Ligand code: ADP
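Before any questions on binding or motion, here is one chain by itself as structure tokens, the form predicted on its own.
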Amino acid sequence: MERIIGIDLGTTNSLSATVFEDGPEVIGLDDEASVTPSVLSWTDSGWLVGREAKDRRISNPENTVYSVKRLMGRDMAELGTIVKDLPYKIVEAQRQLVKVRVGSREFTPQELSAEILKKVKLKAEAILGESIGKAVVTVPAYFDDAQRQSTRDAARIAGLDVVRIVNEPTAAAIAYGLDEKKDGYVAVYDLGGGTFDISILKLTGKIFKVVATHGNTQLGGDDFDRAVVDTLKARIKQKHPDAEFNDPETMQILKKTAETIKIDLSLTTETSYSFALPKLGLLIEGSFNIEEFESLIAPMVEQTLESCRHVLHEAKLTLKEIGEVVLVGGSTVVTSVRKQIESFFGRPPHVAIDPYKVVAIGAGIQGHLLAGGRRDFLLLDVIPLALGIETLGGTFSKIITGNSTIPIEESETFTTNVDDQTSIDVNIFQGERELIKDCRALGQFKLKGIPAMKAGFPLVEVMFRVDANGILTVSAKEKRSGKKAEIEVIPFHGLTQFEIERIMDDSFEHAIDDFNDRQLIEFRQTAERVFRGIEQTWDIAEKALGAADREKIQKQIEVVRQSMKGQDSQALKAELDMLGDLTRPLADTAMGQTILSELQSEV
């Protein structure tokens, strides 16, 4: 059967998974190699993606892009204040599209996400030794139609056929094999780098049913980092009142420092920091303790608990009725988050599977099922927010209510308010408020050719269909005349079919050159890291190797240096492999371990 992999396209990191002979697992040689940081850095030869891009956040800040997932399916107004905290430039384009400006070029979030998906796809193909064309891709449960469409478009640009879009909390439940446990309710608390969801699943036999979901697509670990950055800025301002932090390099240094502080405080109660701000001519030192950090993030954690209360109310459940709690997302490793969740639900959460991996593994299992693998369960997901149309006076008429199980099809019949009206504009919205000004506009179309009739006489049936991927199609039919119109909703700020095809054509046309150029850059960077590893541990080599072996290594280093000056990526890779072979006798030493891990991570 054709393999269908699962992909977790994350705000901070992305990875893939599949079902092997020994069971489901992420695709990678080790933990580091399996994870692709969701970071891109623009070079003269195109995009670097992943760890190589992350390494350039300080040296090339204006051309290095991260947290793309927070831009997906959003317009400038919806992004709000996060725009000013990003070191790269976001601009508004036609049809409310936002684009990222890098140098003289502009890219949509879909194009940027596609580059990340391409990297994940290439890694999977290299490790599995086969071509990958289909995937199950996960999205936050609270992603609306525009965000889901954008994710599907990104995958298509990356050359992937998305056979199913699965909500991340549902994928996590699948990964835990909760279908094999006793019947009951499961709460899945998913706090990632940029998004938060809480979902309640009901397990009945082999049926997974999401009964309610709630969340915030603009709340996550990035916001924890931002709170720490704000504190660092305030501390610096106390000693240096004239300090400004608006240049991209300074913003990236502060962001990186905040991430390190956050990670350290998940392991210890206090951490020190020291970093230079070259643009300001300052060396900053200090310490951060766990109490300070927990105080900063407390309001955000409380927001997640409010969502937990809301979703329990929607599901008409009490805390005592929740049998299992599952944690998903890297931000759930933060100590205070885990303590708060355990306190709220009154039970320790599931953490047996790495929160970073659990969504990808669940998607991999779902892909295996869709490819024909044996796993007997039925997956019933929900849409997060109500869908409907604008009616008289700017009111929002809900046709499908929030937390409805998908796939679903619902219709309502409307009429006209003006005599002799021959066409009707159908304006489509998503939200939970009563007026369309408080809801999100998704798209519009016109039903034309209605025979002239008195107001109130036409009967216009509006049908909403949401498929298993959460993608919306809307149709309208005037029953007396039989006139019909239909649209698969492309959000106002989504990509048109023409734009997607143009992007794909450009990608195919330059695919070979782009791939060679990107590999060349990546292999050059790998070589530099290998050289540093050899230099730092050469004293071990002098003790462990004979003079002849050391001389071979030195000669091969020069061969690699010469190959780095050329334009043939495969030739450089071959010379790097040879250098790896020469150092293999040192595999049990620090130098051997470093070099081999560097080379393996590039597979």
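Start at 1 and count along the sequence shown; that's the residue number. Keep in mind it's a predicted model, so treat the numbers as computed, not measured.
The form predicted together with adenosine-5'-diphosphate is left out here; the points below concern that form.
Visitor: Looking at 239 to 247, 329 to 337, 134 to 142, 268 to 276, which stretch has residues with any non-hydrogen atom within 4.5 Å of adenosine-5'-diphosphate in the predicted complex?
Guide: The contacting stretch is 329 to 337.
Visitor: Using a 4.5 Å cut on heavy atoms, which of 215, 470, 221, 109 is close to adenosine-5'-diphosphate in the predicted complex?
Guide: Result of the distance check: 221.
Visitor: Just to be sure I understand the contacts: of 384, 367, 194, 73, which is the one whose heavy atoms reach within 4.5 angstroms of adenosine-5'-diphosphate in the predicted complex?
Guide: Comparing distances to adenosine-5'-diphosphate in the predicted complex, the residue within 4.5 Å is 194.
Visitor: Is there a heavy atom of residue 262 lying 4.5 Å or less from a heavy atom of adenosine-5'-diphosphate in the predicted complex?
Guide: The answer is yes: residue 262 has a heavy atom within 4.5 Å of adenosine-5'-diphosphate.
Visitor: So which residues in 53 to 87, when you check adenosine-5'-diphosphate in the predicted complex, have a heavy atom no farther than 4.5 Å from it?
Guide: Residues within 4.5 Å: none in this stretch.
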